[in-house]
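Just the one chain here, laid out as structure tokens, in the form predicted alone.
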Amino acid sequence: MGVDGFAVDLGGTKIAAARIENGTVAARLQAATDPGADIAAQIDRIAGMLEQLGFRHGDPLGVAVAGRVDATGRWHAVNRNTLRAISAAPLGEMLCARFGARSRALNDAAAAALAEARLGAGRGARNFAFLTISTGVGGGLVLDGRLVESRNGLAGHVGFASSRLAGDPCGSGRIGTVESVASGKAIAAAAGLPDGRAVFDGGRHPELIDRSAAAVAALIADLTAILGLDRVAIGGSIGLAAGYLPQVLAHLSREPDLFRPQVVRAGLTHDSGLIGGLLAALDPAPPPSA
């Protein structure tokens, strides 16, 4: 099966659209996400970007979004501070009506996990996890070659797991999560800077970056204890920042051998969500039924 078509990756800070040819991004557009836009406005934005890329009604289209996409195709913004106007929005139905029946929506980290497992850093691993450390902390799980999905769309939202290093609330409403201490948003808030990358670029507050890496390392060990992971790939703007992965590995080295899977940089870097979104749209296997 050729991996050809179109994809959109709509995250907490940016929206990217791409034309994909033979599993590679051939053309790409990117803009800032409007966090206050409702579902209709978000789809209009997607349509405008796809039109510039040559999309025609009925072409394969994968749309990867931040938040939950349940088995009925409804989109829920788990972190309501990021996408304020999205609540049980009928994304799947509206995508098919606007762009054709070969459209599919899924969580952005799940899409990235699928792409990395099939075409990137997860190839050859039986039990694989992808973690994205960016505005938030997300993830996707591919076990025995199959993406783990759930009817409520929560599967893979590993950033909402508890962390012994955290005590503050995160956008999910939980207290003391990995996301509340390890995400770019959490790092920036603790440093009093506009975003997490500013902390890296300024070379200040190394203790905040180290704490983030420690929380991610502990999460990897916990997931390995539960799922028997062989390999983990790290992505996202923070996860791919220079020096971050070595800090995660340094903290993970303090765990017993049994809880230390192979941990690598995401192979498809910032394109994994786009490619995985299209893979999901092309996949003949249906999502979990309602």
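What you are looking at is a predicted structure, and each value in this text was computed from that prediction instead of being measured. For every residue, the number given is its place in the sequence shown, counted from 1.
Not on display, but discussed next: the form predicted in complex with a small molecule.
Distance criterion of 4.5 Å from any heavy atom to the small molecule in the predicted bound form singles out 137 from the list 105, 215, 117, 137.
The contact residue chosen from 234, 46, 66, 61 relative to the small molecule in the predicted bound form is 66, the criterion being a non-hydrogen atom within 4.5 angstroms. Three-residue candidate spot 19, 95 and 99; no residue lies within 4.5 angstroms of the small molecule in the predicted bound form by any non-hydrogen atom.
Put simply, residue 200 is far from the small molecule in the predicted bound form: not one heavy atom of it is within 4.5 Å. When the small molecule is considered in the predicted bound form, residue 82 lines it closely, a heavy atom lying within 4.5 Å. Within 4.5 Å of any heavy atom of the small molecule in the predicted bound form lies no heavy atom of residue 89.
In the predicted bound form, at least one heavy atom of residue 109 sits within 4.5 Å of the small molecule. Stretch 154-162 is the answer when you ask which of 154-162, 205-213, 190-198, 119-127 has residues with heavy atoms within 4.5 Å of the small molecule in the predicted bound form.
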